[in-house]
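Read the single chain below, which is given as structure tokens and is the form predicted alone.
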């Protein structure tokens, strides 16, 4: 709840102290920040009768002096220029300006000089510069997310822009939590090191006064890691509800677009999947696919009982009761319809793409040894006509990551097979992945075969067997959280920045993944937080990734830019 409630509190403070009819003006970033924690009906309750984007409001000249304008924008130069133009010929009666991060003095002077009509009532910084998608999970929706894969020399301004966005987001998180962290980073990653150093400079030098909260308790930990330390997690098919919806259909800012799915009613073309607003989803978001089917059947049965009782209207009292309960009935009907549609569509995709068969091999590649059997299984799937090009590519990538040093000849055979079976396959993409995230580039023990403790754990798991073959994989993040909880996160792998060290075990830990998080990782965080270990973990990332639409797309874009650049990667 911690992140969503911090953002809600900021929005409440923006809206409730300004009486009368309001227009809320957002930018392309803050519209996501607001939409995941505040519904349309809640905005109406706060007398917000219009929500507009700052770039489109610039095009209109119609005066609306009866409305009070509440702006909530990121403090970027583009938005300051929009404000400058809009204040030059004001359309609204009052202007209340809120920015999601730290304004610099130059920006403040521009705003002050532009307000010749003295319509601006207040200018404030409300540190909600992140999208709080789940109670302990946030994203920054960073543009050009692929930049983290490229060396600084390829496009220095674009990489600086990416780093600035990440540092801004991290600053906002800790200002919202009213804490200043000790910072560590993934030792083999240049981008993680750069972001960690820039965040330290901001929090301990440039804005040290702002971050000095005079708190006596132990400082929280910010750990900046690189998506390439664990390239396996975003390549796997998922079998728990939330992660599976994102992998197979796609979730953007807690919304799922169902327009392209068969015959869905108009109100079901875009549905909200939020643990804050949907009790069924909250209870089942981390459950596996088999159990979800049973839970939905129970929900449908309950709804049918309610529907049956509503058909039995015989008296005026019955009718009045039905009218009173109708909004709740409609909401229940919409919820049942939404989850039935999602599960039906996913079942269809699983069947069409033969994902149960593929996923079994994926999990073996991610979790268990046995290179000979793995080679045979991947070869058979590459020859299977039902397997799609993207699934073939993912299988070869998972094999290559696991056995890059063990079997160069067999790996070459798989590359050739992939090229012949998948005409759309871009040559060299698997090799590019190995250059980016191969064993020599990674921090941490991804396959649990370097560290004695991990080897023992894998053996124990092999002896006991696993409860569910499709969900046996655990992301590297799980090991990292375990190491932090036990005080065993090695300084040599995850160095501290500067001379700010952890005096004792932290109570709050923010783990930020440059390159993006997955819903499988956010599930790991939720499970870890439920163990009450005394540490509260928060997960954040530059983006929210799945295999096809994010991770592979970023990889292809980075490869394209790298090839067109004169620099050699």
Partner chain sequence: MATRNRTSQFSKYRDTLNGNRVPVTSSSAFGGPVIEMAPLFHRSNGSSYAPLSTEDPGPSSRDAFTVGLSPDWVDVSEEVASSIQRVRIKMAELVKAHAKALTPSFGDSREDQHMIEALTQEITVLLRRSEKSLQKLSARGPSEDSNIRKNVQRSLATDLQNLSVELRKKQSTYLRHLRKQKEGHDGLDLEMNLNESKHRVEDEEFTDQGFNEHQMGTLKKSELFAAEREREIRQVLQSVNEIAQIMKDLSVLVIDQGTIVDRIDYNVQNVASSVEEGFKELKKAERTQRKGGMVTCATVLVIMCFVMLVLLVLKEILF
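Residue numbers count along the first chain shown, from 1. Worth saying up front: this structure is predicted, and the values here are computed from it rather than measured.
What comes next is about the form predicted together with its partner chain, which does not appear here.
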Within 4.5 Å of its partner chain in the predicted bound form, do 41, 44 and 178 each have at least one heavy atom? yes
Of 242, 189, 254, 145, which residue is found within 4.5 angstroms of its partner chain in the predicted bound form when only non-hydrogen atoms are counted? 254
Its partner chain in the predicted bound form has a heavy atom of only one listed residue within 4.5 Å, and of 207, 351, 491, 287 that residue is 207
When its partner chain is placed as it is in the predicted bound form, which of 47-55, 498-506, 533-541, 512-520 ends up with heavy atoms within 4.5 Å of it? 47-55
May I ask you to check whether residue 108 falls inside a 4.5 Å heavy atom distance of its partner chain in the predicted bound form? yes
Closest heavy atom of residue 94 to its partner chain in the predicted bound form, within 4.5 Å or not? yes
Answer with yes or no whether residue 439 is in contact with its partner chain in the predicted bound form, where contact means some heavy atom within 4.5 Å. no
Does residue 117 reach its partner chain in the predicted bound form if we count a contact as any heavy atom within 4.5 Å? yes
Output the sequence-ordered list of residues from 5-24 with at least one heavy atom within 4.5 Å of its partner chain in the predicted bound form. 6, 9, 10, 13, 19, 20, 21
